[in-house]
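Below you'll find only one chain, the form predicted alone, shown as C-alpha coordinates.
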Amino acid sequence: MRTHKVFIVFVFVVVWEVVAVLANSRFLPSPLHVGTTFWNLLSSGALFRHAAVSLARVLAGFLLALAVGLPLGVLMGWFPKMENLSVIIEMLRPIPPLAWIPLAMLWFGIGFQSKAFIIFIGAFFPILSNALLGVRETEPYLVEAGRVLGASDSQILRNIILPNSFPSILEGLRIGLGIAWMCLVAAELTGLNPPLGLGYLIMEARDLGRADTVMAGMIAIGVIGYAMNIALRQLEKRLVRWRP
(Lines give C-alpha, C1' and ligand atoms only; values in the text may rest on other atoms or scores of the structure.)
Protein backbone atom coordinates (compact mmCIF):
# COMPACT_ATOMS: atom_id res chain seq x y z
CA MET A 1 0.00 0.00 0.00
CA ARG A 2 2.82 2.41 0.86
CA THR A 3 4.50 1.61 -2.46
CA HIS A 4 1.30 2.51 -4.29
CA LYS A 5 1.07 5.82 -2.41
CA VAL A 6 4.66 6.70 -3.18
CA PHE A 7 4.08 5.84 -6.84
CA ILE A 8 0.99 8.05 -7.00
CA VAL A 9 2.94 10.97 -5.47
CA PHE A 10 5.76 10.37 -7.96
CA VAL A 11 3.36 10.41 -10.91
CA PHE A 12 1.75 13.60 -9.61
CA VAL A 13 5.14 15.34 -9.34
CA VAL A 14 6.14 14.22 -12.85
CA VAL A 15 2.88 15.50 -14.34
CA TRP A 16 3.31 18.77 -12.44
CA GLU A 17 6.87 19.13 -13.82
CA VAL A 18 5.73 18.49 -17.39
CA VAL A 19 2.86 20.98 -17.14
CA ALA A 20 5.16 23.60 -15.57
CA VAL A 21 7.69 23.20 -18.40
CA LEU A 22 5.02 23.41 -21.11
CA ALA A 23 3.29 26.39 -19.49
CA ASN A 24 6.61 28.23 -19.07
CA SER A 25 5.01 30.69 -16.66
CA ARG A 26 6.33 32.24 -13.46
CA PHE A 27 2.87 31.67 -11.97
CA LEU A 28 3.28 27.88 -12.26
CA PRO A 29 6.71 27.07 -10.78
CA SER A 30 8.20 23.61 -11.08
CA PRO A 31 8.24 21.14 -8.18
CA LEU A 32 12.00 21.69 -7.80
CA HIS A 33 11.51 25.45 -7.51
CA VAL A 34 8.70 25.04 -4.96
CA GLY A 35 10.73 22.46 -3.04
CA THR A 36 13.71 24.83 -2.86
CA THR A 37 11.49 27.63 -1.58
CA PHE A 38 9.91 25.29 0.96
CA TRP A 39 13.34 24.23 2.22
CA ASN A 40 14.53 27.83 2.47
CA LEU A 41 11.46 28.75 4.53
CA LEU A 42 12.00 25.69 6.68
CA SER A 43 15.71 26.17 7.27
CA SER A 44 15.31 29.87 8.08
CA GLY A 45 12.69 29.08 10.73
CA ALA A 46 10.07 31.28 9.04
CA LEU A 47 7.83 28.32 8.26
CA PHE A 48 7.93 27.14 11.88
CA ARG A 49 6.96 30.60 13.16
CA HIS A 50 4.02 30.90 10.77
CA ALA A 51 2.89 27.32 11.43
CA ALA A 52 3.10 27.74 15.22
CA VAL A 53 0.89 30.84 15.18
CA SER A 54 -1.63 29.16 12.86
CA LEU A 55 -1.74 26.05 15.03
CA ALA A 56 -2.37 28.18 18.12
CA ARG A 57 -5.32 29.88 16.40
CA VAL A 58 -6.75 26.59 15.17
CA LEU A 59 -6.32 24.96 18.57
CA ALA A 60 -8.10 27.83 20.34
CA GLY A 61 -11.08 27.76 17.98
CA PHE A 62 -11.25 23.96 18.01
CA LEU A 63 -11.16 23.68 21.82
CA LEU A 64 -13.89 26.31 22.07
CA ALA A 65 -16.02 24.35 19.59
CA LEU A 66 -15.36 21.18 21.59
CA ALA A 67 -16.32 22.85 24.88
CA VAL A 68 -19.61 24.12 23.43
CA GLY A 69 -20.55 21.59 20.73
CA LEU A 70 -19.91 18.33 22.58
CA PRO A 71 -22.06 18.93 25.69
CA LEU A 72 -24.75 20.66 23.62
CA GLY A 73 -24.95 17.71 21.21
CA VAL A 74 -25.17 15.19 24.07
CA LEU A 75 -27.87 17.22 25.83
CA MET A 76 -29.88 17.65 22.62
CA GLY A 77 -29.78 13.90 22.08
CA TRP A 78 -30.60 13.03 25.70
CA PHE A 79 -33.34 15.57 26.48
CA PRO A 80 -36.20 15.53 23.92
CA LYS A 81 -37.21 19.11 24.74
CA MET A 82 -33.82 20.41 23.67
CA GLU A 83 -34.32 18.90 20.22
CA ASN A 84 -36.20 22.09 19.32
CA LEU A 85 -32.81 23.78 19.10
CA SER A 86 -32.12 21.73 15.98
CA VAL A 87 -34.21 24.20 13.96
CA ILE A 88 -31.75 26.99 14.73
CA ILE A 89 -28.76 24.69 14.23
CA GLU A 90 -29.98 23.56 10.81
CA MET A 91 -30.52 27.19 9.75
CA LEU A 92 -27.00 28.21 10.77
CA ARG A 93 -25.19 25.11 9.51
CA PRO A 94 -25.34 25.96 5.74
CA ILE A 95 -23.72 29.38 6.30
CA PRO A 96 -20.05 28.96 5.35
CA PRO A 97 -17.38 30.21 7.77
CA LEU A 98 -16.25 32.69 5.11
CA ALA A 99 -19.59 34.49 5.37
CA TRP A 100 -18.96 35.13 9.08
CA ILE A 101 -15.79 37.14 8.42
CA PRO A 102 -17.48 40.60 8.30
CA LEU A 103 -19.27 39.95 11.61
CA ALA A 104 -16.11 38.53 13.15
CA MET A 105 -14.26 41.73 12.27
CA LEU A 106 -17.07 43.90 13.64
CA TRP A 107 -17.36 41.94 16.88
CA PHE A 108 -13.73 41.10 17.62
CA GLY A 109 -11.58 43.33 15.42
CA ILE A 110 -8.60 41.85 13.58
CA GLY A 111 -6.86 40.21 16.53
CA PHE A 112 -6.65 36.65 17.79
CA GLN A 113 -10.34 36.46 18.77
CA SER A 114 -11.69 36.93 15.24
CA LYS A 115 -9.51 34.09 13.90
CA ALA A 116 -10.54 31.77 16.72
CA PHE A 117 -14.20 32.62 16.10
CA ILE A 118 -14.09 31.72 12.39
CA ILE A 119 -12.34 28.43 13.21
CA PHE A 120 -14.88 27.80 15.98
CA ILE A 121 -17.72 28.13 13.45
CA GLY A 122 -16.07 25.60 11.15
CA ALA A 123 -15.47 22.99 13.86
CA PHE A 124 -18.64 23.49 15.92
CA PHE A 125 -21.25 21.87 13.67
CA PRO A 126 -19.56 18.51 12.96
CA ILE A 127 -18.70 18.10 16.64
CA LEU A 128 -22.27 18.85 17.71
CA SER A 129 -23.87 16.73 14.97
CA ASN A 130 -21.77 13.64 15.68
CA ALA A 131 -22.34 13.89 19.43
CA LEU A 132 -26.07 14.16 18.80
CA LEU A 133 -25.98 11.24 16.35
CA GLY A 134 -24.03 9.09 18.78
CA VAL A 135 -26.58 9.61 21.56
CA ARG A 136 -29.52 8.94 19.26
CA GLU A 137 -28.00 5.75 17.86
CA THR A 138 -27.53 4.18 21.29
CA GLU A 139 -29.61 0.99 21.31
CA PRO A 140 -32.84 1.54 23.32
CA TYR A 141 -32.62 -1.89 24.93
CA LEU A 142 -29.37 -0.85 26.64
CA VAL A 143 -31.11 2.13 28.22
CA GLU A 144 -34.06 -0.02 29.24
CA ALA A 145 -31.74 -2.61 30.76
CA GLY A 146 -30.12 0.11 32.81
CA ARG A 147 -33.49 1.33 34.07
CA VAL A 148 -34.55 -2.22 34.97
CA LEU A 149 -31.39 -2.58 37.03
CA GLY A 150 -32.26 0.61 38.89
CA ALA A 151 -29.78 3.01 37.29
CA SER A 152 -30.56 6.71 37.54
CA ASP A 153 -30.64 9.01 34.51
CA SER A 154 -27.18 10.38 35.30
CA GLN A 155 -25.79 6.85 35.62
CA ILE A 156 -27.36 5.81 32.33
CA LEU A 157 -25.92 8.89 30.64
CA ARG A 158 -22.47 8.34 32.12
CA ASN A 159 -22.20 4.56 31.86
CA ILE A 160 -24.31 3.70 28.81
CA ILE A 161 -24.95 6.69 26.55
CA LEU A 162 -21.49 8.27 26.55
CA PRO A 163 -19.49 5.03 26.05
CA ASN A 164 -21.75 4.02 23.17
CA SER A 165 -21.54 7.50 21.67
CA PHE A 166 -17.76 7.66 21.97
CA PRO A 167 -16.90 6.36 18.45
CA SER A 168 -19.25 8.89 16.86
CA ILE A 169 -17.91 11.66 19.08
CA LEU A 170 -14.31 10.86 18.07
CA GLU A 171 -15.33 10.88 14.42
CA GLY A 172 -16.88 14.32 14.94
CA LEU A 173 -13.69 15.57 16.56
CA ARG A 174 -11.61 14.35 13.63
CA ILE A 175 -13.92 15.93 11.07
CA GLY A 176 -14.22 19.11 13.12
CA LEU A 177 -10.44 19.49 13.42
CA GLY A 178 -10.06 18.93 9.68
CA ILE A 179 -12.61 21.63 8.87
CA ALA A 180 -11.07 23.94 11.46
CA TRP A 181 -7.72 23.60 9.72
CA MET A 182 -9.38 24.22 6.35
CA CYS A 183 -10.86 27.45 7.74
CA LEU A 184 -7.39 28.68 8.62
CA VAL A 185 -6.74 30.79 5.52
CA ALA A 186 -10.27 32.24 5.65
CA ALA A 187 -9.75 33.15 9.30
CA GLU A 188 -6.44 34.82 8.55
CA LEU A 189 -8.09 36.95 5.85
CA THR A 190 -9.60 39.07 8.60
CA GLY A 191 -6.35 40.96 9.04
CA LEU A 192 -3.46 39.91 11.21
CA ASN A 193 -2.01 41.17 14.44
CA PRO A 194 0.73 39.99 14.71
CA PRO A 195 1.37 39.51 10.96
CA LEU A 196 2.11 35.80 11.19
CA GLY A 197 0.41 32.58 10.11
CA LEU A 198 0.39 30.30 7.09
CA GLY A 199 -2.58 32.19 5.68
CA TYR A 200 -0.66 35.44 6.00
CA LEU A 201 2.36 33.86 4.32
CA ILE A 202 0.22 32.83 1.35
CA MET A 203 -1.58 36.17 1.03
CA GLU A 204 1.65 38.18 1.29
CA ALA A 205 3.28 35.96 -1.35
CA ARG A 206 0.27 36.48 -3.62
CA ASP A 207 0.63 40.26 -3.35
CA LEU A 208 4.32 39.95 -4.25
CA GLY A 209 3.60 37.60 -7.17
CA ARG A 210 5.58 34.76 -5.53
CA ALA A 211 3.70 31.69 -6.72
CA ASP A 212 6.45 29.42 -5.37
CA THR A 213 5.93 30.74 -1.82
CA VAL A 214 2.15 30.46 -2.21
CA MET A 215 2.48 26.80 -3.16
CA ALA A 216 5.04 26.15 -0.42
CA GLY A 217 2.54 27.55 2.13
CA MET A 218 -0.21 25.40 0.65
CA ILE A 219 1.99 22.31 0.92
CA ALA A 220 2.71 23.15 4.57
CA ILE A 221 -1.02 23.42 5.30
CA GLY A 222 -1.66 20.10 3.54
CA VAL A 223 1.15 18.25 5.31
CA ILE A 224 0.17 19.50 8.77
CA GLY A 225 -3.51 18.74 8.15
CA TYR A 226 -2.64 15.24 6.92
CA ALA A 227 -0.46 14.62 9.98
CA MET A 228 -3.24 15.74 12.35
CA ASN A 229 -5.74 13.48 10.62
CA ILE A 230 -3.40 10.47 10.86
CA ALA A 231 -2.75 11.19 14.55
CA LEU A 232 -6.47 11.35 15.34
CA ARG A 233 -7.14 8.16 13.39
CA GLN A 234 -4.48 6.34 15.40
CA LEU A 235 -5.95 7.71 18.63
CA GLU A 236 -9.41 6.57 17.51
CA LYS A 237 -8.12 3.04 16.83
CA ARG A 238 -6.58 2.85 20.30
CA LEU A 239 -9.57 4.24 22.21
CA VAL A 240 -12.32 2.35 20.38
CA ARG A 241 -10.70 -0.99 19.58
CA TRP A 242 -14.06 -2.75 19.67
CA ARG A 243 -15.33 -0.72 16.72
CA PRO A 244 -15.21 -2.64 13.40
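So that there is no doubt, residue numbering starts at 1 and follows the sequence shown. Throughout, rigid core stands for the largest set of C-alpha atoms superposing within 1.5 Å between the two forms. From a predicted model like this one, the values you see are computed outputs, not experimental measurements.
Not on display, but discussed next: the form predicted in complex with a further copy of the same chain.
For a residue to qualify, one of its non-hydrogen atoms must sit within 4.5 Å of a further copy of the same chain in the predicted bound form; none of 49, 68 and 74 qualifies.
a further copy of the same chain is not shown here, and in the predicted bound form it never comes within 4.5 Å of any heavy atom of residue 41. With a 4.5 Å cutoff on heavy atoms, residue 214 counts as touching a further copy of the same chain in the predicted bound form. When a further copy of the same chain is considered in the predicted bound form, residue 101 lines it closely, a heavy atom lying within 4.5 Å. Under a 4.5 angstroms non-hydrogen atom cutoff, a further copy of the same chain in the predicted bound form lacks residue 34 among its neighbouring residues. Contacts between stretch 12-39 and a further copy of the same chain, counted in the predicted bound form as any heavy atom lying within 4.5 Å, involve 12, 25, 27, 28, listed in sequence order. Fitting the two forms on the rigid core leaves the C-alpha of residue 29 displaced by at least 2 angstroms between this form and the one not shown.
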